[in-house]
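Shown next as structure tokens: one chain only, the form predicted on its own.
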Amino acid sequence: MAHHISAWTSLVQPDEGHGSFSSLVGSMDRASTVVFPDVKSMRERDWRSKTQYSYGLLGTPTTRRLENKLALIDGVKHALLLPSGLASISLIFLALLKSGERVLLPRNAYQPGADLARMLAGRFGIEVDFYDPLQPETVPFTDNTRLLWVETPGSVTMEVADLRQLSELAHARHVLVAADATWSAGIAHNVFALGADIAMQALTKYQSGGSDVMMGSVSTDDDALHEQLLKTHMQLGLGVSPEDCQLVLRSLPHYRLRYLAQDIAARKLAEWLSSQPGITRVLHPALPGCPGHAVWQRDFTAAASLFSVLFEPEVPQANIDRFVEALALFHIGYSWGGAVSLAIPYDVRDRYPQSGGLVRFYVGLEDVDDLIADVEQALAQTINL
């Protein structure tokens, strides 16, 4: 009797082989030029079809294999690959917005994405406004609003937005909802079940897992939206390297296990930090002190290993910077998702005027007790003098 196989089991199954033989790892297909058997085939080609192979920039069997697996994880029909997470944001904006239309972004949005929106406003007449992700009822919808952008949680200050309520408000006004799902990674938060029309992710993070690949994705279950995104994707020439796709495909079968193991480690570190002197607040969505924690409890099944801490207001920024530099196992760097733990300071006093500086932690695959000991010695040297 046939039975349902989950997306996670499907990821580790061998790809179709040749005849009675197959490999556990699919082959890699490179191409720029693709040749056709005859002129009729060339003229009848459909560049949009995933079953046809017409030009390297439009995809190879390797890129399509990765797209199919990502769509399977998200439980949708369509996924597209892009050179980075920011390129994914760019595709959504450029495919869906035109002059005179309006996009709404949360105040905690990924800064390069917000800067892109401001650039589009200044150069191409697309209207941009910002909303408080913790107050859905105050979102400034207007008649020309075309797109609501949701990032939950925020990538630095970690506010958890109510995607379900925001989607209901947007759809009542015929506004599309796009979700930055990088933090939940297709594992911890079903953005489509909660109302998102489109999801983007930086595959640079957990899906790659090696801190050595730049890639992004855009997925949707809506055929018309996919056609719109696909056309813009082609017109902008947003191809990806098959070699990079192969690296992500290699990491994909075990990235869920890494995510869940790193979640456990990060919660242990976050809970320990919440009792340390000099720290006023731990911004981890799974901990009660984080804004939107109740929404996280309702809508999420796990947590990424990325969280932040706020220091007491009397702690000088210079001491916080020295704390980060005193860490031995945490390195200073932006792009997380790999095996190595990271820490980076931010100034967020505009959002938390009663607190001091912020440090964002990413917990990798080191032993968590070693990470705690590392943080403890750095705090002793620089904060808790």
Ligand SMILES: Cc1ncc(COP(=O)(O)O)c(C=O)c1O
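Residue positions are given as counts along the sequence shown, with the first one as 1. Quick caveat, the model's predicted, so the values are computed rather than measured.
The form predicted together with the ligand exists for this protein as well; it is not shown, and the discussion that follows is about that form.
K.L.:
Test of understanding: in the predicted bound form, would Pro242 fall inside 4.5 Å of the ligand by heavy atoms?
P.N.:
Looking in the predicted bound form, residue contacts with the ligand do not include Pro242, since no heavy atom lies within 4.5 Å.
K.L.:
Under a 4.5 Å heavy atom criterion, is Ala114 part of the interface with the ligand in the predicted bound form?
P.N.:
Looking in the predicted bound form, residue contacts with the ligand do not include Ala114, since no heavy atom lies within 4.5 Å.
K.L.:
Check His189 for me: does it contact the ligand in the predicted bound form (non-hydrogen atoms, 4.5 angstroms)?
P.N.:
Result no; His189 lies far from the ligand in the predicted bound form.
K.L.:
Is Met214 close enough to touch the ligand in the predicted bound form, meaning at least one heavy atom pair within 4.5 Å?
P.N.:
Yes, Met214 lies within 4.5 Å of the ligand in the predicted bound form.
K.L.:
Pick from 98-106, 223-231, 253-261, 177-185: which stretch has a heavy atom within 4.5 Å of the ligand in the predicted bound form?
P.N.:
Careful reading of the contacts points to 177-185.
K.L.:
Check Arg267, Ala343 and Asp374: does every one of them have a heavy atom within 4.5 Å of the ligand in the predicted bound form?
P.N.:
Looking in the predicted bound form, the three residues Arg267, Ala343 and Asp374 all stay beyond 4.5 Å of the ligand (heavy atoms).
K.L.:
The ligand isn't shown here, but in the predicted bound form which of Leu166, Met158, Ala202, Ile198 has a heavy atom within 4.5 Å of it?
P.N.:
Only one option qualifies, and that one is Ala202.
K.L.:
Which of Ser90, Ser308, Ser208, Ser84 has a heavy atom within 4.5 Å of the ligand in the predicted bound form?
P.N.:
Selected option: Ser84.
K.L.:
Going through 106-139 from first to last, which residues have a non-hydrogen atom within 4.5 Å of the ligand in the predicted bound form?
P.N.:
Counting only heavy atoms within 4.5 Å of the ligand in the predicted bound form, the single contacting residue of 106-139 is Tyr110.
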